[in-house]
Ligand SMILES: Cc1cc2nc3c(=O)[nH]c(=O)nc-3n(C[C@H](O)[C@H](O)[C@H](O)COP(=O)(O)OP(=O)(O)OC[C@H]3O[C@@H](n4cnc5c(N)ncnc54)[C@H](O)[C@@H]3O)c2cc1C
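Only one chain is included here, represented as structure tokens and corresponding to the form predicted alone.
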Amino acid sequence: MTVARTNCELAIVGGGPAGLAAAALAAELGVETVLFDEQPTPGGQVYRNIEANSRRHDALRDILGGDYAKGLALAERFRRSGAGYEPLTAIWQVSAGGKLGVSQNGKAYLTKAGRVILATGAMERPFPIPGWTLPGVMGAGAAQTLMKASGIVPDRPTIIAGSGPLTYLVAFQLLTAGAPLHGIIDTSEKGLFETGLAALPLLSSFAGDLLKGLSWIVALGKARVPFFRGRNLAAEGVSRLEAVSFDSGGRRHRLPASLLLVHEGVVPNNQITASLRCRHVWDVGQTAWHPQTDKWGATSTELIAVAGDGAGIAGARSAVHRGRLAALDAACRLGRISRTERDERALPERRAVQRENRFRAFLNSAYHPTEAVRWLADDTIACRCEEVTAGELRALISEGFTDINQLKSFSRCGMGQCQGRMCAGTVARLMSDSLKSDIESVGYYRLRLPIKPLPVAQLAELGNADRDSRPLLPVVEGDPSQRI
């Protein structure tokens, strides 16, 4: 039976590194804190199933590695902190006044928080190539999630394509787990040698990270996994993936495969802040939108803060410290600590964030998502939920549909199950290319509630709805950053 929490001092959405760190510290400081999370146990995507996997005595724990194991300390501190915990719970609405729409055990209710920290993390960058909707094509991060959650490892010919550290990490983990890895297609702009030279200034501070990445590449080489530098990927097949083709070394290659794992980095999961019309900025280095925040994670909406990768990609280690900074600010605003105590406690967290930012700047430079943001052929699907192709969108743009939300209304792109998560960036880029304008001026979809799929029956049975409420969505006319 669901017992609705009708109010709390601090609501935190998301149980990954930032959310766990924020919830634990806020509760320790005496703030009545509740963490809402869709997963059954703490950890988020990075530390998915960390508690159960830490108790395993088979090879999986070693395969997932030491960085993954560090998540256990975060989960344990959160469990000890006294923070409230609502697992298996979806947040389908956050209002500017701190009201959250909650869906849990088939029931919906509203709860009111004095402050909200969004720790919704990141999602894999959509990677639209010809054939990317075929069964057998999925994200490399998704494959890793299956391994963490259920110990599932591919048992059929697998190819990994993309750029960035996760591409090689997942390849290494799958190889170690015995998956039939038939090739790696590196889509990075820079070669391994050039990337290595760029990393030399970081050697004194991040030697462990760099050597770890090098060890994965060496292990893959020793196992004689075929390696290619590739462009213009295509997934081929009739009813499912049959082969992967790409350009490399001046000719077209075609490799038979049953599973293609793609990855070109991650982008902030900013659906809630976009629905709130918080001010956002376009990050050229990360090729993605993120909410504009101050040094505590506070957004342009008074009661709302963002912690971790949802405020800009910086990695799991940084997310922990950014979560604690947001928690300190929340505790200060809610009267639990003074501003002086907040600032003093923040010093080591802020130094750690600055340190991690140096490494992130290198990653942004070395692994620009070249293939994921390339020009799309007309028959490539841009919106996979509604199966809208790039050619259909270009035709509408040429007819005069020059506003992204106008395009959404007429084509239905962004109106499917994912609520635009997978296609918003692709459609904005396509419009930017067609109109010869910058992507900031194109903006982003205007999102409608609920931000997560919700049965009508749950809404109809909503017991504590405020029937007289009015939307509070401030919009500054002429400000392109508020078009999203």
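Just so it is clear, the structure is predicted and the values come from calculations on it, not from any experiment. Numbering starts at 1 and runs along the sequence shown.
Same protein, other form: the form predicted in complex with this ligand, not shown, and the subject of what follows.
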Exercise. In terms of non-hydrogen atoms within 4.5 angstroms, which of the given stretches 292-300, 403-411, 378-386, 118-126 touches this ligand in the predicted bound form?
Worked result: 118-126
Problem set entry | Heavy atom within 4.5 Å of this ligand in the predicted bound form - the one residue of 243, 166, 353, 96 that qualifies | 166
For this session: Report the residue, out of 272, 393, 161, 305, that has at least one non-hydrogen atom within 4.5 angstroms of this ligand in the predicted bound form.
Result: 272
Problem set entry | this ligand in the predicted bound form: contacted by all of 419, 425 and 444, heavy atom 4.5 Å | no
Problem set entry | residue 31 within 4.5 Å of this ligand in the predicted bound form, heavy atoms | no
Problem set entry | Exercise: residue 39 in contact with this ligand in the predicted bound form, heavy atom 4.5 Å | yes
Problem set entry | Contact of residue 148 with this ligand in the predicted bound form (heavy atom, 4.5 Å) | yes
Problem set entry | Close approach of residue 328 to this ligand in the predicted bound form, 4.5 Å, heavy atom | no
Problem set entry | Interface residues of 13-33 toward this ligand, as seen in the predicted bound form [heavy atoms, 4.5 Å] | 13, 14, 15, 16, 17, 18, 19
